[in-house]
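This document opens with one chain alone, in C-alpha coordinates, the form predicted alone.
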(Lines give C-alpha, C1' and ligand atoms only; values in the text may rest on other atoms or scores of the structure.)
Protein backbone atom coordinates (compact mmCIF):
# COMPACT_ATOMS: atom_id res chain seq x y z
CA UNK A 1 0.00 0.00 0.00
CA UNK A 2 1.75 3.10 -1.20
CA UNK A 3 1.16 6.22 -3.18
CA UNK A 4 1.83 5.61 -6.86
CA UNK A 5 2.54 8.01 -9.70
CA UNK A 6 -0.48 9.02 -11.69
CA UNK A 7 -0.85 6.84 -14.78
CA UNK A 8 -1.57 8.32 -18.17
CA UNK A 9 -5.19 9.35 -18.20
CA UNK A 10 -7.59 7.21 -20.18
CA UNK A 11 -9.65 8.84 -22.90
CA UNK A 12 -12.33 7.35 -25.09
CA UNK A 13 -14.81 8.67 -27.65
CA UNK A 14 -18.41 8.27 -26.57
CA UNK A 15 -21.68 8.82 -28.39
CA UNK A 16 -25.09 9.45 -26.87
CA UNK A 17 -27.91 9.28 -29.38
CA UNK A 18 -31.65 8.69 -29.39
CA UNK A 19 -34.63 9.45 -31.63
CA UNK A 20 -36.68 12.38 -30.32
CA UNK A 21 -40.34 11.99 -31.23
CA UNK A 22 -42.84 14.82 -30.92
CA UNK A 23 -46.37 15.38 -32.08
CA UNK A 24 -47.28 18.59 -33.90
CA UNK A 25 -50.03 21.01 -33.12
CA UNK A 26 -52.05 22.67 -35.89
CA UNK A 27 -49.53 25.49 -36.49
CA UNK A 28 -46.36 23.39 -36.67
CA UNK A 29 -48.20 20.75 -38.66
CA UNK A 30 -49.21 23.36 -41.24
CA UNK A 31 -45.70 24.84 -41.32
CA UNK A 32 -43.90 21.52 -41.94
CA UNK A 33 -46.52 20.18 -44.31
CA UNK A 34 -46.26 23.48 -46.19
CA UNK A 35 -42.51 23.00 -46.60
CA UNK A 36 -43.20 19.63 -48.15
CA UNK A 37 -45.42 21.46 -50.67
CA UNK A 38 -42.85 24.24 -51.27
CA UNK A 39 -44.93 26.72 -49.28
CA UNK A 40 -43.56 28.74 -46.35
CA UNK A 41 -46.14 29.68 -43.75
CA UNK A 42 -45.88 32.19 -40.94
CA UNK A 43 -48.34 33.32 -38.33
CA UNK A 44 -49.73 36.81 -37.68
CA UNK A 45 -49.68 37.98 -34.06
CA UNK A 46 -52.13 40.27 -32.32
CA UNK A 47 -49.96 43.32 -33.07
CA UNK A 48 -49.76 42.45 -36.78
CA UNK A 49 -46.24 40.99 -36.89
CA UNK A 50 -45.52 37.98 -39.09
CA UNK A 51 -43.45 35.32 -37.35
CA UNK A 52 -41.48 32.77 -39.41
CA UNK A 53 -41.06 30.05 -38.30
CA UNK A 54 -44.50 30.30 -36.73
CA UNK A 55 -45.23 29.84 -33.05
CA UNK A 56 -48.42 28.59 -31.46
CA UNK A 57 -48.83 31.29 -28.85
CA UNK A 58 -48.58 35.05 -29.11
CA UNK A 59 -45.29 36.14 -27.47
CA UNK A 60 -46.97 39.35 -26.26
CA UNK A 61 -50.42 38.24 -25.11
CA UNK A 62 -49.70 34.48 -24.66
CA UNK A 63 -52.96 33.74 -26.47
CA UNK A 64 -53.25 31.00 -29.08
CA UNK A 65 -52.73 32.25 -32.63
CA UNK A 66 -53.96 30.55 -35.77
CA UNK A 67 -53.83 33.36 -38.35
CA UNK A 68 -51.58 31.68 -40.92
CA UNK A 69 -50.10 33.53 -43.86
CA UNK A 70 -47.86 32.55 -46.77
CA UNK A 71 -44.59 34.45 -47.11
CA UNK A 72 -42.06 34.58 -49.91
CA UNK A 73 -39.38 32.05 -50.80
CA UNK A 74 -36.88 34.89 -51.17
CA UNK A 75 -35.44 36.93 -48.37
CA UNK A 76 -32.62 38.99 -46.92
CA UNK A 77 -29.67 37.85 -44.80
CA UNK A 78 -29.74 39.70 -41.49
CA UNK A 79 -26.60 38.14 -40.01
CA UNK A 80 -24.29 35.23 -40.69
CA UNK A 81 -21.28 33.17 -39.56
CA UNK A 82 -18.97 31.14 -41.77
CA UNK A 83 -18.55 27.43 -41.07
CA UNK A 84 -15.30 26.25 -42.72
CA UNK A 85 -15.51 22.69 -41.38
CA UNK A 86 -18.96 21.08 -41.67
CA UNK A 87 -19.63 18.32 -39.19
CA UNK A 88 -21.52 15.07 -39.49
CA UNK A 89 -25.21 15.45 -40.45
CA UNK A 90 -25.02 19.21 -41.02
CA UNK A 91 -27.08 20.45 -43.98
CA UNK A 92 -24.14 20.76 -46.40
CA UNK A 93 -20.94 18.73 -46.71
CA UNK A 94 -18.94 21.65 -48.10
CA UNK A 95 -18.07 24.87 -46.18
CA UNK A 96 -21.14 27.10 -45.80
CA UNK A 97 -22.52 30.06 -43.89
CA UNK A 98 -25.01 29.84 -41.05
CA UNK A 99 -27.48 32.62 -41.80
CA UNK A 100 -30.52 34.28 -40.35
CA UNK A 101 -32.85 35.04 -43.25
CA UNK A 102 -35.86 37.33 -43.02
CA UNK A 103 -38.14 36.00 -45.73
CA UNK A 104 -40.09 38.56 -47.72
CA UNK A 105 -43.22 39.45 -45.75
CA UNK A 106 -41.87 38.19 -42.42
CA UNK A 107 -40.80 40.26 -39.41
CA UNK A 108 -38.54 37.63 -37.90
CA UNK A 109 -35.63 35.63 -39.27
CA UNK A 110 -35.26 31.92 -39.95
CA UNK A 111 -32.02 30.12 -39.11
CA UNK A 112 -30.65 28.01 -41.96
CA UNK A 113 -27.56 27.65 -44.15
CA UNK A 114 -26.35 29.50 -47.23
CA UNK A 115 -24.48 27.71 -49.99
CA UNK A 116 -21.76 30.18 -50.97
CA UNK A 117 -18.26 29.76 -52.43
CA UNK A 118 -16.55 31.51 -49.52
CA UNK A 119 -16.96 34.02 -46.68
CA UNK A 120 -15.94 36.87 -48.96
CA UNK A 121 -19.14 36.30 -50.94
CA UNK A 122 -21.46 36.58 -47.93
CA UNK A 123 -22.69 39.82 -46.40
CA UNK A 124 -25.57 41.10 -44.36
CA UNK A 125 -28.43 42.49 -46.48
CA UNK A 126 -27.60 40.15 -49.38
CA UNK A 127 -30.60 38.71 -51.17
CA UNK A 128 -31.18 34.96 -51.17
CA UNK A 129 -33.78 32.38 -52.08
CA UNK A 130 -34.74 28.92 -50.95
CA UNK A 131 -33.23 25.90 -52.68
CA UNK A 132 -35.75 23.13 -52.10
CA UNK A 133 -34.70 19.55 -51.40
CA UNK A 134 -35.50 17.12 -54.20
CA UNK A 135 -37.21 14.75 -51.78
CA UNK A 136 -39.35 16.47 -49.17
CA UNK A 137 -41.00 14.79 -46.19
CA UNK A 138 -42.39 17.62 -44.08
CA UNK A 139 -39.31 18.75 -42.15
CA UNK A 140 -37.07 21.81 -41.95
CA UNK A 141 -34.63 19.87 -44.14
CA UNK A 142 -37.11 20.26 -46.99
CA UNK A 143 -35.27 23.56 -47.37
CA UNK A 144 -31.97 22.16 -48.59
CA UNK A 145 -30.30 25.55 -48.11
CA UNK A 146 -30.45 29.15 -49.25
CA UNK A 147 -28.55 30.42 -52.28
CA UNK A 148 -27.65 33.92 -53.52
CA UNK A 149 -30.41 35.47 -55.61
CA UNK A 150 -30.67 39.07 -56.82
CA UNK A 151 -34.24 40.32 -56.40
CA UNK A 152 -36.23 43.16 -54.90
CA UNK A 153 -37.73 42.60 -51.45
CA UNK A 154 -41.49 42.59 -51.07
CA UNK A 155 -43.71 42.75 -48.02
CA UNK A 156 -46.66 40.99 -49.68
CA UNK A 157 -48.25 38.12 -47.78
CA UNK A 158 -51.40 36.13 -48.46
CA UNK A 159 -53.73 34.42 -46.03
CA UNK A 160 -53.59 30.64 -45.89
CA UNK A 161 -55.91 28.06 -44.34
CA UNK A 162 -53.02 25.80 -43.36
CA UNK A 163 -54.94 22.86 -44.81
CA UNK A 164 -53.09 20.29 -46.91
CA UNK A 165 -53.78 16.71 -47.92
CA UNK A 166 -52.03 14.10 -45.80
CA UNK A 167 -50.84 16.59 -43.19
CA UNK A 168 -47.69 15.87 -41.19
CA UNK A 169 -48.76 15.30 -37.57
CA UNK A 170 -45.50 14.21 -35.95
CA UNK A 171 -41.77 14.17 -36.49
CA UNK A 172 -38.87 12.01 -35.34
CA UNK A 173 -35.59 13.87 -34.92
CA UNK A 174 -32.38 11.94 -34.22
CA UNK A 175 -30.48 13.54 -31.35
CA UNK A 176 -26.76 12.77 -31.13
CA UNK A 177 -23.89 13.99 -28.97
CA UNK A 178 -20.29 13.00 -29.74
CA UNK A 179 -17.75 13.69 -27.04
CA UNK A 180 -14.49 12.48 -25.57
CA UNK A 181 -14.67 11.20 -22.02
CA UNK A 182 -11.78 11.03 -19.57
CA UNK A 183 -12.46 9.37 -16.22
CA UNK A 184 -9.69 11.35 -14.50
CA UNK A 185 -6.64 10.22 -12.59
CA UNK A 186 -8.32 8.17 -9.84
CA UNK A 187 -10.69 6.19 -12.05
CA UNK A 188 -8.00 5.69 -14.68
CA UNK A 189 -6.05 3.79 -12.01
CA UNK A 190 -9.17 1.87 -11.05
CA UNK A 191 -9.92 0.85 -14.64
CA UNK A 192 -6.30 -0.08 -15.37
CA UNK A 193 -6.26 -2.30 -12.28
CA UNK A 194 -9.44 -4.04 -13.42
CA UNK A 195 -7.62 -4.98 -16.63
CA UNK A 196 -5.33 -7.06 -14.38
CA UNK A 197 -8.34 -8.44 -12.46
CA UNK A 198 -7.52 -6.36 -9.41
CA UNK A 199 -9.74 -3.86 -7.64
CA UNK A 200 -8.13 -0.76 -6.18
CA UNK A 201 -9.53 2.13 -4.21
CA UNK A 202 -8.00 5.21 -2.67
CA UNK A 203 -7.56 5.95 1.02
CA UNK A 204 -8.44 9.31 2.54
CA UNK A 205 -5.36 10.73 4.33
CA UNK A 206 -7.63 12.25 6.99
CA UNK A 207 -10.39 9.77 7.93
CA UNK A 208 -8.52 6.71 6.49
CA UNK A 209 -11.60 5.42 4.68
CA UNK A 210 -11.00 3.52 1.43
CA UNK A 211 -13.27 4.49 -1.45
CA UNK A 212 -14.02 2.07 -4.29
CA UNK A 213 -14.35 3.13 -7.06
CA UNK A 214 -12.14 6.11 -6.18
CA UNK A 215 -13.23 9.62 -7.07
CA UNK A 216 -9.95 11.40 -6.34
CA UNK A 217 -11.27 13.08 -3.19
CA UNK A 218 -12.90 12.10 0.08
CA UNK A 219 -16.59 13.08 0.01
CA UNK A 220 -16.59 13.43 3.82
CA UNK A 221 -13.34 15.32 4.50
CA UNK A 222 -13.12 17.10 1.15
CA UNK A 223 -9.41 16.36 0.75
CA UNK A 224 -7.65 14.79 -2.21
CA UNK A 225 -6.91 11.09 -2.13
CA UNK A 226 -3.87 9.54 -3.78
CA UNK A 227 -2.87 6.41 -1.85
CA UNK A 228 -3.98 3.38 -3.83
CA UNK A 229 -5.23 0.41 -1.86
CA UNK A 230 -6.03 -3.00 -3.31
CA UNK A 231 -9.27 -4.43 -1.90
CA UNK A 232 -11.26 -7.67 -2.24
CA UNK A 233 -11.53 -9.71 -4.28
CA UNK A 234 -14.12 -11.13 -1.89
CA UNK A 235 -16.85 -9.07 -0.36
CA UNK A 236 -20.19 -8.97 1.46
CA UNK A 237 -23.67 -8.25 0.11
CA UNK A 238 -24.90 -5.28 2.12
CA UNK A 239 -28.24 -4.84 0.37
CA UNK A 240 -29.85 -5.94 -2.88
CA UNK A 241 -32.87 -5.83 -5.15
CA UNK A 242 -34.53 -8.39 -7.42
CA UNK A 243 -34.79 -7.24 -11.02
CA UNK A 244 -37.94 -8.44 -12.79
CA UNK A 245 -37.87 -6.30 -15.92
CA UNK A 246 -35.51 -7.30 -18.69
CA UNK A 247 -33.40 -4.37 -19.85
CA UNK A 248 -33.14 -3.73 -23.57
CA UNK A 249 -29.88 -5.03 -25.01
CA UNK A 250 -28.99 -6.92 -21.81
CA UNK A 251 -28.74 -10.69 -22.29
CA UNK A 252 -29.64 -11.70 -18.73
CA UNK A 253 -32.75 -13.70 -17.87
CA UNK A 254 -35.03 -12.25 -15.22
CA UNK A 255 -35.43 -12.37 -12.33
CA UNK A 256 -31.92 -11.73 -11.18
CA UNK A 257 -30.32 -9.93 -8.25
CA UNK A 258 -28.38 -6.68 -8.29
CA UNK A 259 -26.56 -5.90 -5.08
CA UNK A 260 -24.38 -3.50 -3.15
CA UNK A 261 -21.17 -5.35 -2.38
CA UNK A 262 -18.63 -4.15 0.18
CA UNK A 263 -15.33 -5.62 -0.93
CA UNK A 264 -13.02 -6.63 1.90
CA UNK A 265 -11.00 -3.60 2.90
CA UNK A 266 -13.33 -1.06 1.28
CA UNK A 267 -15.45 1.51 3.10
CA UNK A 268 -17.88 1.99 0.23
CA UNK A 269 -20.03 -0.64 -1.46
CA UNK A 270 -20.07 -0.99 -5.24
CA UNK A 271 -22.72 -2.44 -7.54
CA UNK A 272 -22.67 -5.95 -8.97
CA UNK A 273 -24.92 -8.74 -10.18
CA UNK A 274 -25.23 -11.85 -8.05
CA UNK A 275 -25.19 -15.23 -9.83
CA UNK A 276 -24.62 -18.88 -9.04
CA UNK A 277 -27.45 -18.90 -6.52
CA UNK A 278 -31.28 -18.81 -6.86
CA UNK A 279 -32.45 -15.21 -6.69
CA UNK A 280 -34.67 -15.89 -3.68
CA UNK A 281 -31.72 -17.19 -1.66
CA UNK A 282 -29.63 -14.04 -1.91
CA UNK A 283 -29.46 -12.27 1.44
CA UNK A 284 -27.71 -9.49 3.31
CA UNK A 285 -24.37 -10.67 4.68
CA UNK A 286 -23.85 -13.22 1.88
CA UNK A 287 -20.15 -13.62 1.14
CA UNK A 288 -19.33 -13.40 -2.59
CA UNK A 289 -16.40 -13.39 -4.98
CA UNK A 290 -16.04 -12.04 -8.54
CA UNK A 291 -16.45 -14.19 -11.65
CA UNK A 292 -14.47 -12.99 -14.65
CA UNK A 293 -15.06 -13.89 -18.26
CA UNK A 294 -12.37 -14.11 -20.90
CA UNK A 295 -11.35 -10.69 -22.17
CA UNK A 296 -13.62 -8.80 -19.77
CA UNK A 297 -12.39 -5.63 -18.04
CA UNK A 298 -14.76 -6.07 -15.10
CA UNK A 299 -16.38 -8.97 -13.22
CA UNK A 300 -19.33 -10.51 -15.04
CA UNK A 301 -21.03 -11.18 -11.71
CA UNK A 302 -20.36 -12.22 -8.12
CA UNK A 303 -21.08 -15.71 -6.74
CA UNK A 304 -21.26 -17.14 -3.21
CA UNK A 305 -17.94 -18.18 -1.68
CA UNK A 306 -19.46 -20.78 0.65
CA UNK A 307 -18.21 -18.89 3.70
CA UNK A 308 -20.56 -18.23 6.63
CA UNK A 309 -22.56 -15.03 6.29
CA UNK A 310 -20.88 -11.90 7.61
CA UNK A 311 -22.04 -10.55 10.94
CA UNK A 312 -24.34 -7.57 10.52
CA UNK A 313 -22.21 -5.38 12.78
CA UNK A 314 -19.31 -5.77 10.35
CA UNK A 315 -21.12 -4.08 7.44
CA UNK A 316 -23.97 -2.09 8.97
CA UNK A 317 -22.09 1.17 8.43
CA UNK A 318 -21.82 0.42 4.71
CA UNK A 319 -25.55 0.15 3.96
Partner chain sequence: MRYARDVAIVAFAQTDTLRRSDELSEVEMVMPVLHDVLRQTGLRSSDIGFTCSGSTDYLAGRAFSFTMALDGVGAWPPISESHVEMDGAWALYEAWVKILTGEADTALVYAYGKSSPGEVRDVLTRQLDPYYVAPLWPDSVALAALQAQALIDAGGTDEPALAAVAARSRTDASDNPHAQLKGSIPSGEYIVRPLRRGDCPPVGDGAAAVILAAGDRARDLCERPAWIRGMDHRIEPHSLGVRDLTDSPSTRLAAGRAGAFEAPLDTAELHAPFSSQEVVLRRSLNLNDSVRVNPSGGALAANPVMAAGLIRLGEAAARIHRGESDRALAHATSGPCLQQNLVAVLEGES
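Not measured: the values here are computed from a predicted model. Positions refer to the first chain, counted from 1.
If you look for the form predicted in complex with its partner chain, you will not find it shown, but the lines that follow are about it.
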{"query": "Which of 180-188, 154-162, 128-136, 232-240 sits within 4.5 Å of its partner chain in the predicted complex, heavy atom basis", "finding": "180-188"}
{"query": "is_contact(residue 94, its partner chain) in the predicted complex, heavy atom dist at most 4.5 Å", "finding": "no"}
{"query": "is_contact(residue 87, its partner chain) in the predicted complex, heavy atom dist at most 4.5 Å", "finding": "yes"}
{"query": "Residue 119: touches its partner chain in the predicted complex, heavy atom cutoff 4.5 angstroms", "finding": "yes"}
{"query": "Contact flag, residue 176 vs its partner chain in the predicted complex, heavy atom cut 4.5 Å", "finding": "yes"}
{"query": "Contacting member of 246, 215, 149, 197, with respect to its partner chain in the predicted complex [4.5 Å, heavy atom]", "finding": "215"}
{"query": "Members of 204-233 lying within 4.5 angstroms of its partner chain, judged by heavy atom, in the predicted complex", "finding": "215, 216, 217, 218, 219, 220, 221, 222, 223, 224"}
